[in-house]
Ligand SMILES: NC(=O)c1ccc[n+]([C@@H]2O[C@H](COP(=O)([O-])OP(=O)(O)OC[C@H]3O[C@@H](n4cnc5c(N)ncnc54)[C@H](OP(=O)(O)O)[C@@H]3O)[C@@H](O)[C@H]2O)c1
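One chain is shown next in structure tokens, namely the form predicted on its own.
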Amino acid sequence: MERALVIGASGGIGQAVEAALHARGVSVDGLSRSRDGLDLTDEASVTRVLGAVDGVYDQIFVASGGLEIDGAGPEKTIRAIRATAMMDQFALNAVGPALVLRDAARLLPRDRRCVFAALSARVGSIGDNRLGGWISYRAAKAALNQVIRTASIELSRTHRDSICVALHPGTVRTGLTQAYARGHETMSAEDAAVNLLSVINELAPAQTGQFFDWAGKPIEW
């Protein structure tokens, strides 16, 4: 039976991904801060919780992330940058998934197709940026994209059939986006999960290290 590990399984998208995988007959283990004390902003926590994980997973899905952290929302202008808020964005949205990736080689199989996918965001695309604003969140997601790209190269050396990708889920109706979704087409977490898993299902190892949206279309870095 195929096995999957979902990081951030108590969040809106994480819960939906976990449920959608179960519906497909996949054996799923979920980890989150509320369930298991997995705090992606705390390296000791990541080391402790993931260090206790044993076995091999065909898919690792990182569904964690944050747009508004400790009351600090996206900046409308560069003049609004605050060091603490920016560091919080990097800690959760870039460093956290990187710490999970540190264990990926141990948890993914070397003898068959396997997938590491992390939720990014279209606003993390440097080439696609036409509006400005949201500097800390954009920069953190851009950093995550670089982490994914770099890790994919290293992972493919030991896991020939691995696929390591960043995914944009679209604007999903969750607590994360509720205050910022006005004017955007939205979808439910359940629909987003089905879409993202469908994209993953169609990917081949030759596409590792890339950035895709919920419809499977590549996004420029």
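The first residue of the sequence shown is number 1, and the count goes up from there. Quantities reported herein were computed from a predicted structural model and do not represent experimental measurements.
Omitted from view is the form predicted together with the ligand, to which the following refers.
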### Query
Considering Leu40, Leu155, Ile60, Val165, which brings a non-hydrogen atom within 4.5 Å of the ligand in the predicted bound form?
Leu40
### Query
Out of the stretches listed (147 to 155, 72 to 80, 134 to 142, 107 to 115), which one is close to the ligand in the predicted bound form, meaning heavy atoms within 4.5 Å?
134 to 142
### Task
Would you please decide whether Leu21 lies within 4.5 angstroms of the ligand in the predicted bound form, comparing each non-hydrogen atom pair?
no
### Query
Do Asn195 and the ligand come within 4.5 Å of each other in the predicted bound form, heavy atoms counted?
no
### Query
Taking heavy atoms and a 4.5 Å cut-off, does Ala98 contact the ligand in the predicted bound form?
no
### Query
Is Ala94 one of the residues lying within 4.5 Å of the ligand in the predicted bound form, judged by heavy atom distances?
no
### Message
Can you list, in sequence order, the residues from 119 to 144 that come within 4.5 Å of the ligand in the predicted bound form, counting heavy atoms only?
### Response
Leu119, Ser120, Ala121, Tyr137, Lys141
